[in-house]
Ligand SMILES: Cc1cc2nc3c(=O)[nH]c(=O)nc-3n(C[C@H](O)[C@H](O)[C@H](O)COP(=O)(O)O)c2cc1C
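Take a look at this one chain, the form predicted on its own, written out in C-alpha cells.
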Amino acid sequence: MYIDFAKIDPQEQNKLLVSTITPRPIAWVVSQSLQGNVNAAPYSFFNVFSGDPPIIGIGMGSHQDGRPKDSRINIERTGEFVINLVTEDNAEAMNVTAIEFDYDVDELAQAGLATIPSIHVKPPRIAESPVAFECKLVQIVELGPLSGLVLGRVVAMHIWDEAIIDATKHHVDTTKLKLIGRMHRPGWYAKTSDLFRMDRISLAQWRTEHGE
C-alpha cells in the first residue's frame, strides 16, 4: 500500500507514524515554573541524538487550540528539566501524570510519587525512576504551529546502583531497568525485558564468509 502524505491530513499522518515506529522510549519530563511549581508529563517522541555532546531530543506538541504544553512553557522560561525513564513498576503513576491537569497542579503529588533534589538544575528527579538525566536547554526547533523539538544537553545522570555492572567502565545491566515504551495506539505499551542478541558483522568477517 502506497500512502502519499501530501494527500492525507496531519492527524492521519501522525496515526501512521506512531503505529509503525515502535516501541518508542518515554521521556518522563519534570520541569519547574519560575514560581517553583513542579510539573511532570510523559512524552514518547523522544530519543538520544548525540553522544558528544550528549544531546537528548523531545518532540513536544501543543494543545489543539495552540496553547503550548506546561512542560514547554517551563523549559522555555527556565532552561532546565529532568528526564526520567519509565519502568513496568511505575507505569501507572506515569499514566496519572499524563492527565491534563491545570498549570499549577503538581502531577507528581497527584500520582503519589516522591522526588529527590537534582544537583545541577532546579527541577527535582523522580525517586521511583531508575534513571534520570539532568538537562540544560540547548535549543527549541519550531517544527510547525503545534509542534517543537526540545533539545537538551545532559549535564548529569542518576542511575540505580543495582543496575551498574562496572562503575569504572560505566557498564549498565539494562535488563534490570525493566523499561517500557509506547506502542501503536493510545494505551498500548511494550516491555523491554524480551531481548535477543545479534552481533554486528565486521567487513573482514563478511569477506571471509563470502570468499571475497
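This one's a predicted model, so the numbers in the text were calculated from it and none came from an experiment. The numbering used is simple: start at 1 and walk along the sequence shown.
Below, we refer to the form predicted together with this ligand, which is not included among the displayed structures.
Heavy atoms within 4.5 Å of this ligand in the predicted complex map, among the stretches 110-118, 124-132, 93-101, 137-145, onto 93-101 alone. Mapping the unseen interface onto this chain, residue 44 counts among the residues with a heavy atom inside 4.5 Å of this ligand in the predicted complex. Among residues of the shown chain, residue 151 is not one whose heavy atoms approach this ligand to within 4.5 Å in the predicted complex.
The closest heavy atom approach of residue 179 to this ligand in the predicted complex falls outside 4.5 Å. Under a 4.5 angstroms non-hydrogen atom cutoff, this ligand in the predicted complex lacks residue 54 among its neighbouring residues. Taking this ligand as positioned in the predicted complex, none of the residues of 120-142 brings a heavy atom within 4.5 Å of it.
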